[in-house]
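Encoded as structure tokens, the following chain is the form predicted alone, with no partner shown.
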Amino acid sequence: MHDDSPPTGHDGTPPPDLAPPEAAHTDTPPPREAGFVFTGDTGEYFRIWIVNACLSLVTLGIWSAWAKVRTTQYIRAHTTLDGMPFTYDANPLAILRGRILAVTAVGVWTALGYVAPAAQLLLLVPAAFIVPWLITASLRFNARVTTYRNVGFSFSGGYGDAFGLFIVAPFLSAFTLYLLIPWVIFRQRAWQAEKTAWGNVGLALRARASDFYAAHLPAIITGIVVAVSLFAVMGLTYAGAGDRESMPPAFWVAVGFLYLVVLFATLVTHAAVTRLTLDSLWIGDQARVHCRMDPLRYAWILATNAVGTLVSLGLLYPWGEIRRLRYLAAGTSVSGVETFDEVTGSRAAAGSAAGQEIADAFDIELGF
């Protein structure tokens, strides 16, 4: 009699080529996740900071370029991801040249404010065309002097995009009572990510504009509440004051309190936007950054660091910076780090640091 049953091995099991699909299928392992670790020490950082401050003072600021490189190198060397540190290879001479230009620009701008205020206002027009260059030059310089796993970063953003995102869009948002600001910040962050690459792998910000509006809710709600409260306080003060020429001390106490509330809400919003930006950042198509820090906690750290630095005349700044970096690193990680072995690339020439230094001098916030 003919046997239609499939052939079996000596132990009665089907041979490998005839095994059911379920038996041959293996689950794909989940992406490996590694956290950022910051190992900086307050004592070490304070020694570096105080020596740099003294040398910068003695050399009338010339040492400040070397101080910046030394400080940044310490922070990068003590920031590791998957056991590998970041590096910062900026040339102090390039930073010094850029800093001289920055000091000159700030000096001319400040002097015009005393000598010819109208001329200072007129300079806002050409300044609007210079700022996009400062932004692209700063981002390009910072990327090129940073490496990870011996692979450099690069930035390819152009002047036209920077002009539209940092000049035109904020200007137009004024006509919407600045309701477009969260969208503007979303587009700025997305552009910075899309134009940044690590070796042969590009970055991407996979977020939505609605996410940035949600991150700005603390500032929006606080602004509305403070505006209403301020009008109410003014109305009650005017109604109860016999002398309309001066305001009672209670009014200024209330104004001061509301001002502090706005400041803290701004810090919370900054923290929320930072977390959202990091948590939406992808490295290629398989590696993703995760950020789990608490915005309220991070805002509290920023606020208390500022107070500590102020009351200590700057001596507590190193303690505050180490505290901030430890918390930020502890809440940030990357999944898919196993794909980093496939990233290749080399470092490009850093170029001029003028854009970065002038942007820092005018307090233009850049980067992630």
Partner chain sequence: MRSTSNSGSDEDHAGAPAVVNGSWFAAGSARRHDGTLTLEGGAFRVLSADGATAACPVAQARLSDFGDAMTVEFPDGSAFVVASGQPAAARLRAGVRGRAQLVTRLERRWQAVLVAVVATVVLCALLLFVVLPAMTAPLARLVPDAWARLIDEQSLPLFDRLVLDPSALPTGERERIAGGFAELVDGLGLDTSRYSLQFRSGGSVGANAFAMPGGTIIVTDRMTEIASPAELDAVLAHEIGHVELRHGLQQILRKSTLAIILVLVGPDAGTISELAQGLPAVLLDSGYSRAFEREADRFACDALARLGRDPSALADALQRLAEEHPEAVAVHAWVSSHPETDERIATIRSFTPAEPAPGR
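In this text the structure is predicted, and so the values were computed from the model without any measurement. Residue numbers count along the first chain shown, from 1.
The following text describes the form predicted together with its partner chain, which does not appear among the structures shown.
K.L.:
Quick one: of L263, A190, A254, I130, which gets a non-hydrogen atom within 4.5 angstroms of its partner chain in the predicted bound form?
P.N.:
Selected residue: L263.
K.L.:
Quick check on this chain: which one of L267, L276, L134, V289 has a heavy atom within 4.5 Å of its partner chain in the predicted bound form?
P.N.:
It is L267 that has a heavy atom within 4.5 Å of the partner.
K.L.:
My question is simply whether G331 lines the interface with its partner chain in the predicted bound form - judged by any non-hydrogen atom within 4.5 Å.
P.N.:
The answer is no: G331 has no heavy atom within 4.5 Å of its partner chain.
K.L.:
Do R144 and its partner chain come within 4.5 Å of each other in the predicted bound form, heavy atoms counted?
P.N.:
No, R144 is distant from the partner.
K.L.:
So in the predicted bound form, does any heavy atom of D89 sit within 4.5 Å of its partner chain?
P.N.:
Contact check for D89: yes, within 4.5 Å of its partner chain in the predicted bound form.
K.L.:
Would you please decide whether H216 lies within 4.5 angstroms of its partner chain in the predicted bound form, comparing each non-hydrogen atom pair?
P.N.:
Because no heavy atom of H216 falls inside 4.5 Å of its partner chain in the predicted bound form, the answer is no.
K.L.:
Non-hydrogen atoms within 4.5 angstroms of its partner chain in the predicted bound form: do A77, Y114 and V151 all have one?
P.N.:
All three within 4.5 Å in the predicted bound form.
K.L.:
What residues in 37-60 sit within 4.5 Å of its partner chain in the predicted bound form, counting heavy atoms only?
P.N.:
In sequence order, E44, F46, R47, I48, I50, V51, N52, C54, L55, S56, L57, V58, L60 come within 4.5 Å of the partner.
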